[in-house]
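The chain below stands alone, shown as structure tokens; this is the form predicted alone.
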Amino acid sequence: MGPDALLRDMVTIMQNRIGAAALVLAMVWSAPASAQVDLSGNWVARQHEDWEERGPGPEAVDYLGLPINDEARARALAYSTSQLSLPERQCLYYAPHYVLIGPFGLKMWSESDPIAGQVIAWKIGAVIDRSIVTIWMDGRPHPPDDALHPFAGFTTGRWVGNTLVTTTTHFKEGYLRRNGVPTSDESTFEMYFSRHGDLLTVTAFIDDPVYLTESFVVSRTWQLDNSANLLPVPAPCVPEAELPGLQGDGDVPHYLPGRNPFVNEMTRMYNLPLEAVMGGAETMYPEFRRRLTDTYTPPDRCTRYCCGWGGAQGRTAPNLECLTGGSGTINER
């Protein structure tokens, strides 16, 4: 083969390689890195779901729909809200799942590798109190069981289609409901973030080998609001004595077994049988409700929280007419 023919062959080979490389680059640039969705922004709470729990708070003894065991029930019945007067107990509500049981909005943003440009973490801020939650996306493992348990816990995430799935471990004990139903520091917390336009729905599964017999499932929805201007760093929970002259003698407000004065409150107000109020996994399912069909008599009128989710401030919820007399029903306008 002469020099000219060899040169022509080398040029042809180089052209083919350059063409193949260009094709690969075009495919990479045209295909998404993965099925990721932008979750960044200011998300404000829309209290259309469980507004009583997120706003004014649940009744003192209402464990309906919670898959708690006997130990959790005993701890909840011993709980008194006066415990919040003690500085050492004022910040115990702010485990990671408080994002779902609390009333606040949230701010989300991503952090990228400064060299590679890949998202290495998502951050979840809050309006107040809760620690910033870091969702690690770089494949790092969870710490060993005996590692530090901060309030924020340790969270990793992965994309499944257009849904961000997160797993949180290593967080302090807290509360499953804002009336003393406990969660232990052995809990795991899994969230599914799904964005639909300007709505963000988070569905969560809480598993606790200490206090729950099944997974507790809860979902909440937020709405994007660019005018909200939520701060990325929330105001911290700062414990302080709320009662003048509190001596801090070590006494913890509580109720002794069989002495909780609110046990029959749900029965008086709503005619709910005590077996329903005390909760348990069976109260989560439609079969339990059907068991009560022949024996349950609804109250003749509404006397508390009658006006939908807007009623937390004494207002009727949008597009609803509040009827507190007679049947106590709420009708659409």
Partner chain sequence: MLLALAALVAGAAATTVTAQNPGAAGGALRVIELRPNVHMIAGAGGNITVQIGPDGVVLVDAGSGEKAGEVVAAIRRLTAQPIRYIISTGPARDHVGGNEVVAKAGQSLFLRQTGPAGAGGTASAVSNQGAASIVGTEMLLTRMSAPTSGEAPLPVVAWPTETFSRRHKDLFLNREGIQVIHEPAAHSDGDSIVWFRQSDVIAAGDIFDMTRFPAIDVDQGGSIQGIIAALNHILALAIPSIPLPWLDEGGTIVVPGHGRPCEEAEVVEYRDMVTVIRDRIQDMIARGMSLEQITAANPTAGWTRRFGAASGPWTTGMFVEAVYRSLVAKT
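Residue numbers count along the first chain shown, from 1. Only a predicted model underlies this, so the values are computations on that prediction, with no experimental measurement involved.
Quick note: we don't show the form predicted in complex with the partner chain, though the next part is all about it.
(request) Could you work out which of Thr81, Ser112, Asn162, Asn226 is the residue within 4.5 angstroms of the partner chain in the model of the complex, going by heavy atoms? (result) After the contact test, the surviving option is Ser112.
(message) Considering non-hydrogen atoms and a 4.5 Å limit, which listed residue (Ile132, Val217, Leu199, Leu231) is close to the partner chain in the model of the complex?
(response) None of the other options qualify; the answer is Ile132.
(request) Report whether the minimum heavy atom distance between Glu190 and the partner chain in the model of the complex is within 4.5 Å. (result) No, Glu190 is distant from the partner.
(request) Determine whether any heavy atom of Asn69 comes within 4.5 Å of a heavy atom of the partner chain in the model of the complex, and answer yes or no. (result) Contact check for Asn69: yes, within 4.5 Å of the partner chain in the model of the complex.
(message) Using a 4.5 angstroms cut-off on non-hydrogen atoms, would Ala116 count as touching the partner chain in the model of the complex?
(response) It does not: once the partner chain is placed as it appears in the model of the complex, Ala116 has no heavy atom within 4.5 Å of it.
(message) Residue-level contact is defined here as any heavy atom of the residue lying within 4.5 Å of the partner chain in the model of the complex; does Asp207 satisfy this criterion?
(response) Answer no; every heavy atom of Asp207 is more than 4.5 Å from the partner chain in the model of the complex.
(message) Whether Arg46, Trp51 and Arg158 jointly form a contact site for the partner chain in the model of the complex is the question; each needs a heavy atom within 4.5 Å.
(response) No: no residue has a heavy atom within 4.5 Å of the partner.
(request) Work out which of the listed stretches, 95 to 103, 217 to 225, 199 to 207, 140 to 148, brings a heavy atom within 4.5 angstroms of the partner chain in the model of the complex. (result) Residues of 140 to 148 come within 4.5 Å of the partner.
(message) With the partner left out here, which residues of 154 to 174 have a non-hydrogen atom within 4.5 Å of the partner chain in the model of the complex?
(response) Result: Phe154, Lys172, Glu173.
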